[in-house]
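Consider the single chain below, provided in structure tokens and representing the form predicted alone.
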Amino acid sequence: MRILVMKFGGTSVADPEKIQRAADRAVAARRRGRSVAVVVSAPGEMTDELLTLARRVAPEPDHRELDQLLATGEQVGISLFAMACRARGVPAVSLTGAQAGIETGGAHTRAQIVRIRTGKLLRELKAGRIVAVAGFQGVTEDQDVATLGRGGSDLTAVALATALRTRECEIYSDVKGVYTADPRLVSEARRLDRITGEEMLELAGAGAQVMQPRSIEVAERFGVSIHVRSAFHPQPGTWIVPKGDTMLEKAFVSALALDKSEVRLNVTDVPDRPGVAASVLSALAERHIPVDMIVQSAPSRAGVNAISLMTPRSFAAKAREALAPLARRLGAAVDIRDGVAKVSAVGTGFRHHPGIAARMFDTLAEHKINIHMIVASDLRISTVVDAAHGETALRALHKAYGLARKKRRA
């Protein structure tokens, strides 16, 4: 069998007309001789609506019961999708995560896929049916429903492509691909024909919301190529490929990202002695608080330093609470600064080509934009600036790096 894995996001199946349009794509692929497995998200804003409903009933809903509720959104999507395929004269069947053999481990609301038992999937595909699989969900060892976290349908699609031994999958959404910057903010932004998984992972970590980072990690590990394309336009999109084809020692910026969803967390007057930084991060890790851009200052004459990091705004209060006992023991202070933005350049070869970083800092200086934090690696340079200057910084850097012009990558 030549299996094709397709995934349609919530905006792509938001109403009956869009479901029918998505079904047309799956049916066309089946009539071209492909065996088609389709991962379907909950239609439109259904997941958010269910989450709001849960919190009206219980402000802090039990995670097991929340998974039971949220998983129903995808079940609505797959059943309607299968109906639309059948109405077009092509046999189709819908499968929940459990029926599709997706087994999970870890905590509810953020489970990990342990394995996929493909027996039923393959039997349905061999029978000539389009198989609509519920994204975002699986089943635990105890036969409980578990969800995979935000964007989990991307992970379902990549994991299915891996389990079914087809080394590519198509991700359909309301965007035409991956751009050099958010085209809503930068009018000159250009769609990329291809980008490596490493670069895409850095972009996702920098705030680009094209795909779930965990799905990119799985694609990199198992060599799956991903075609990100529009559900509403026929043109090709962007290929996310496991390995790049750039020349050795070649350095370039592929894309930029702007993230206004984080706050800056400062722990000041921290004693300069071994193990203190570890205790700060352990306190956050124990509460499952994600962090990024960890920077520790040099110690002052008084023998203290400061640790600064970024965390999602939704975790700010939880982070302050987690660090409060430690801060009291150390005689330190915890400060949270909102109103900041993270601007990132993603590409390759940065470590050995300091001119890329220099251009960023020169450009920001020319626009009188002050930098609060800097973190750099071979693939990404991120700076934190005032939120009011974030979009200005993004547009200025897009121009400074010449990203509006199509550039040869090899």
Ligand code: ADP
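For every residue, the number given is its place in the sequence shown, counted from 1. Treat the numbers as computed from the prediction; the structure is a model and nothing was measured.
Beyond the structure shown, there is the form predicted in complex with this ligand, which is absent from this document and is the topic of what follows.
One residue of S173, T166, T96, T72 in contact with this ligand, assessed in the predicted bound form (non-hydrogen atom, 4.5 angstroms): That would be S173.
Candidate from V280, V210, A159, A319 lying within 4.5 Å of this ligand in the predicted bound form - any heavy atom: Looking at the other structure, the residue within range turns out to be V210.
Interface segment, criterion being heavy atoms within 4.5 Å of this ligand in the predicted bound form, picked from 21 to 29, 382 to 390, 6 to 14, 395 to 403: The contacting stretch here is 6 to 14.
Partner proximity in the predicted bound form: A181 to this ligand, non-hydrogen atom cutoff 4.5 Å: Yes - in the predicted bound form, heavy atoms of A181 and this ligand come within 4.5 Å of each other.
Contact flag, G177 vs this ligand in the predicted bound form, heavy atom cut 4.5 Å: Within the cut-off, so yes.
Interface membership of L121, this ligand in the predicted bound form, 4.5 Å heavy atom rule: L121: no contact with this ligand in the predicted bound form.
Contact of V270 with this ligand in the predicted bound form (heavy atom, 4.5 Å): Residue-level check for V270: no, no contact with this ligand.
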